[in-house]
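Quick setup: the structure tokens below cover two forms of a single protein chain, split into structure 1 and structure 2.
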Structure 1
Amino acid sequence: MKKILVALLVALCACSLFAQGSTESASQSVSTDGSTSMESVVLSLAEVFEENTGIVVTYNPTGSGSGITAVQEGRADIGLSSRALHDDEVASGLTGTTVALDGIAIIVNTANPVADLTVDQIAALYTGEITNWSEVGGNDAPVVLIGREAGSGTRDGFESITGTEDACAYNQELTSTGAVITAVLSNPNAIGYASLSAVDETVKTVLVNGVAPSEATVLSGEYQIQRPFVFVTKTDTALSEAAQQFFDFALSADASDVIADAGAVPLV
């Protein structure tokens, strides 16, 4: 009797596995490809969109460059880029539509008296020109630079905004935002960067050029360490019906709460 029961259960589990697979492949879908920094935004949008319309949105985290290429080659409906398109990319027949903005917060340990840095000072800190906190008004202590691993969207965003590409003299390259915050938390001399939404009270967020990062200051452009989240599409080819629906949804006022919950700053 028990054996039969177990066998039935196993069969049931197996069925449910296949059942799920078949429903997914049956419905319409929209493919997105690109920036890893946009993961939480895109996945949240996709989830709400699927609830409303039943259309599945797939997301392939490859990086902004690969996402743009994917659209060019027709491998994805919508490319995701966490930087504005370059002129040559626009010239090659692509259109970039900003759906949200992302602020990158600069964080230090709560014991660090430094509260305000300029973008130039941040760049100088990260390239190793300034190695002691006393040079920017802090304690006489060595600066410990915490960053993200090569290929990370946040690192790419931070380095391109501060103009420190390939020049950062990191003490630690960590693979997640949480790890960066923990490292800053546990070292009084550490400085790190993380997506604005991920930063909490346990670390101190530094003002940049006198402006505190917040939704309002990112949106107004006063807070400088920010970048756009861009949907990349072909200029002369219309999107499929499902993709157009998703595109419109992401830009609508309905999506703004979803985007804000996912940690980015919505435009509307």
Structure 2
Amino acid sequence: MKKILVALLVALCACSLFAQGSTESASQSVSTDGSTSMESVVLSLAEVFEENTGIVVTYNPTGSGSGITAVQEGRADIGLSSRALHDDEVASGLTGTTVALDGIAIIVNTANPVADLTVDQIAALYTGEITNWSEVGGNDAPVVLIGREAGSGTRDGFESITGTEDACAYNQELTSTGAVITAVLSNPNAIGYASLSAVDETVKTVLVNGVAPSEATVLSGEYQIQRPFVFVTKTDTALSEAAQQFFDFALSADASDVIADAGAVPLV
């Protein structure tokens, strides 16, 4: 009988320790959800943070609008938005904190000879006022307009800066930054917009009013088509200890090189 009691006690202790370990493990994680444009920045920050703390940061690339909703509904610790919060979102109990800046690059196929566009020309292209590349110094070919889906922070930023809200005549509305880049890569007549942090040599970045998007021109304000990368939290609800640590790290000087290496512009 004593042997049976001892065995039961050992089993109960083991179960207790397992449950405690599971709870501690669960508390030492941070969930983020939202902007696909912020992927490189968030994953780079998460990697360095995990290496130094052992705390895992998960990332769910759903788009800015969905990330904001995830925080409102308590499905994520931190929402990721590649635009500033709207007044109604702030009024609903959310706080947006800018962690970096990002240029929205205007991209065309590498075969397209157009190298420089004004903001007015970009607006005219996207609203359908200009329909042929020859009208802006390009080939005699129809313009194919690639953009992001409704609710995208990149789309919101692009349209608000160019004054084309609800007026763009998109040929394709795609759900991620990568999809936009791929669409422009595969069509010599396409034009798109994408986070500067995500653009590579497979597509051509167009100058805007003679200014190339870069860390320096975004920070100085010379490059006009830019937007913030924002962490979204509940105003009156404290973050978990792990989430607060990640939040503080992302805003610290220690994160500046990580953010810059990921292609965005650090604030400090």
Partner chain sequence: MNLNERMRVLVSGYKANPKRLVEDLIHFIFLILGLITVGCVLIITIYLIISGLPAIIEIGPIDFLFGTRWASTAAEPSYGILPFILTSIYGTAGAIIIGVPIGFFVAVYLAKMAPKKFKDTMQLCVGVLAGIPSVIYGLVGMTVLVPAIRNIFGVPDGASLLAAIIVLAVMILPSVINVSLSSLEAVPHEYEEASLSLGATNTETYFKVTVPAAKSGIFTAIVLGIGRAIGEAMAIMMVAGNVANMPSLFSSVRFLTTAVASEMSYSSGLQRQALFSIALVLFLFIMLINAILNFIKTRSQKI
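Structure 1 provides the reference sequence; residues are numbered from 1 along it. No experiment lies behind these values; they were computed from the predicted model shown.
**Q** Return 1 or 2 according to which structure is the form predicted alone.
**A** That would be structure 2, which is the form predicted alone.
**Q** Which one of 126, 102, 117, 184 sits right at the hinge when the rigid parts move between structure 1 and structure 2?
**A** Looking at the options, the one at the hinge is 102.
**Q** Would you pull out the angle in degrees that the smaller rigid body rotates by relative to the larger one between structure 1 and structure 2?
**A** Value for the rigid-body rotation reads 25 degrees.
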